[in-house]
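Okay, so here's just one chain, in structure tokens, the form predicted on its own.
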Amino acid sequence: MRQLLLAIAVFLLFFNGASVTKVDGLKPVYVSPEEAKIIKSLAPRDIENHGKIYIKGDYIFVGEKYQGVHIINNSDPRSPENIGFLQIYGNNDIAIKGQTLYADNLTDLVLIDISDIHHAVEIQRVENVYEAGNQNYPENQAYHTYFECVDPEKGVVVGWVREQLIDPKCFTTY
């Protein structure tokens, strides 16, 4: 009887059904809701997930989905120069009139003075113009890509990074 109990205990210890599965997937990048609304002029960076393109004078503005806008000096079309990046989290669209860039920033519309292209400044914010987009779901990923489920308590999702995930519960379905 003791041997039977010992065998059962050993079986339960090693075969308790709890297995750890590691898979390549996507992990959300969070910032606080306050930080997500800060517009920043940053150094140029590579275009990774381009969105819409807007041309104004000698400049080309290239959207980076949900991240902001690349600014390219095109005064010499044979040699365009990436000169800056305007970080605008949740951004999908822009328009420009005069020296004002209009952009969506999550649910808000922001007006940004671009008269000094290297030091753009937010001049006005109109809150809650747009419905909240679904950044809780990674876009443009292969069918059934695993990702870490979003936890709204951690902040606003502003991007996704590829990582090894342990037992992910969420996956893309398109």
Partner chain sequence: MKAIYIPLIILSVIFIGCTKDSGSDIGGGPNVGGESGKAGSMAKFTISGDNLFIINKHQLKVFDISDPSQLNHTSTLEVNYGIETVFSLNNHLFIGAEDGMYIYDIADANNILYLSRYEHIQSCDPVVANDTLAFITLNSQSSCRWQNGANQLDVIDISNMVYPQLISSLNMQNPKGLGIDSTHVFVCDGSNGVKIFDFSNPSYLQEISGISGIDAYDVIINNKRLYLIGETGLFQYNFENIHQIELLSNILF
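Not measured: the values here are computed from a predicted model. Residue numbers count along the first chain shown, from 1.
The following text describes the form predicted in complex with the partner chain, which does not appear among the structures shown.
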| property | result |
| --- | --- |
| Ser32: touches the partner chain in the predicted bound form, heavy atom cutoff 4.5 angstroms | no |
| Residue contact check: His118 to the partner chain in the predicted bound form, 4.5 Å heavy atom | yes |
| 4.5 Å heavy atom contact, Cys149 and the partner chain in the predicted bound form | no |
| Touches the partner chain in the predicted bound form: Tyr59 (any heavy atom, 4.5 Å) | yes |
| Residues within stretch 87-103 having a non-hydrogen atom within 4.5 Å of the partner chain in the predicted bound form | Asp93, Ile94, Ala95, Ile96, Lys97, Gly98, Gln99, Thr100, Tyr102, Ala103 |
